[in-house]
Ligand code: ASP
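Below you'll find only one chain, the form predicted on its own, shown as C-alpha cells.
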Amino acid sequence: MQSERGAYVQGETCLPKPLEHLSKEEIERKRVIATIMTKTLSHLTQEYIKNGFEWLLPVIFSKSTDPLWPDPGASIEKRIEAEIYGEMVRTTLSMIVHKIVASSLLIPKLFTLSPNVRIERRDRCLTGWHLYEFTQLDFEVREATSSDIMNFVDKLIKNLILYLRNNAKDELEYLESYNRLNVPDLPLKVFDRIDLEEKYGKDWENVFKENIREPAWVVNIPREFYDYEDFSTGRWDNYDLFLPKYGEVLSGSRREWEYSKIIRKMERDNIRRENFTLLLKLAREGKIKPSAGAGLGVERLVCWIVGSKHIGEVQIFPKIPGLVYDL
C-alpha cells in the first residue's frame, strides 16, 4: 500500500519508496529535504574548521573496525567481510579505532564524514530510525574531557538551528518544521542512565525521548571497551545526545588509552584481540594518547530537523533494513 508522502505503508509505519517511484509532489519534497541536508552539512563542516579541526577522508575497508559489542543497543544481523590481496577486511562499522590512532599520532583535532555499514535486523525497518548504510560526522580531540565535547556539541546544535532558521526558513516552512524547530537553552540538560532506568525501566530510551522537549544528554552507559570506565566506581565516562520524539543522534566518550585496561576489558567482554592488533601495539608502547570524541548521525539529525516519519526519507537512495532497492 502507498501513502501520499513518498512511502510504502507497512502496518502503521511508512517506508520510503525508491527515487524512481516518487510522484512529482514527492520529488519536490525530496528536493527540499536535500537542500536542508546541504545547508546542514555546509554549516557543520565550517563550524568544525573554524574550531581548528582538520578534515579527514573516510575509510571504507579495514582490518580493524568498531566491534559494536557489548553495546546492548547494537543489533547487527551480519558483518560484511571481504578478501583483498590475501587479507580479510571489514566494512566500516565506525571509524572509532582510526580516530583514536589518528588523533594520537598525527592530528590532535579531527573530523570526518564516515560512511558506516551496519546490517541491522530486518524488523528495524519499522522503527523509522535505523538504516543499514548511513553517514556519521565523526570527530576526536586529543587530551579533551567529556565536558569539553559536550559543551562543543551544545553550541554546535544551537548554532545550527539558528543558522537554519535564518537561512532555510522557506524550506523549513514548506516541510512544516519551522515552528517546531526551536533554539534550545544552553547548557543542554544531562541525565544519568541509572536514574532513567530506575524511573522508566529497561525500556528507558524509548520513554525518555517522549518526555523531553529539547535535545538532552544521557551519561554513564555501559558500552564497548574503548569507552572510559572507572573500575573503582563502575561508572562510564561517556555520553549520548537524544532528540525529542526521535532518539539517540550522537554517541561519544572519553577514551581508554592504557594498555592494561584495554586488555582487561577485551578479555571480560570476549573481544577478539586479533582484530585490534595495531591499536594494542600502540597502546603497549604508550603511543595512544588520552582523547574524547563522538559520532553524530547525519541522517538522524536531518530527519529530526525536517520532521520525517522515517529516516530513509532523507536519503536520496534509501538504505532501509530488510529492503534492497536497485540503487
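All values derive from a computational prediction rather than experimental measurement. So that there is no doubt, residue numbering starts at 1 and follows the sequence shown.
Just so you know, the form predicted in complex with the named molecule exists too; it's not on screen, but the next bit is about it.
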Response to the item:
If we test each of Ser104, Ser251, Thr135, Thr112 for a heavy atom within 4.5 Å of the named molecule in the predicted complex, the one that passes is Ser251
Worksheet item: Heavy atom within 4.5 Å of the named molecule in the predicted complex: which of Ile33, Leu56, Leu279, Ala294?
Response: Ala294
Discussion item. Please identify, from 135 to 143, 81 to 89, 148 to 156, 200 to 208, the stretch that has a heavy atom within 4.5 Å of the named molecule in the predicted complex.
Written reply: 135 to 143
Fill in: Contact test in the predicted complex: His98 vs the named molecule, heavy atoms, 4.5 Å
no
Fill in: Partner proximity in the predicted complex: Phe242 to the named molecule, non-hydrogen atom cutoff 4.5 Å
no
Worksheet item: Given that the partner is absent here, does Arg193 sit within 4.5 Å of the named molecule in the predicted complex, heavy atoms only?
Response: no
Discussion item. How about His130 - does it come within 4.5 Å of the named molecule in the predicted complex, if we only consider non-hydrogen atoms?
Written reply: no
Practice prompt. Would you check whether the named molecule, in the predicted complex, lies within 4.5 angstroms of a non-hydrogen atom from each of Ser94, Tyr226 and Arg255?
Written response: yes
Item to complete: Could you list which residues of 187 to 208 come within 4.5 Å of the named molecule in the predicted complex, counting heavy atoms only?
Response: none
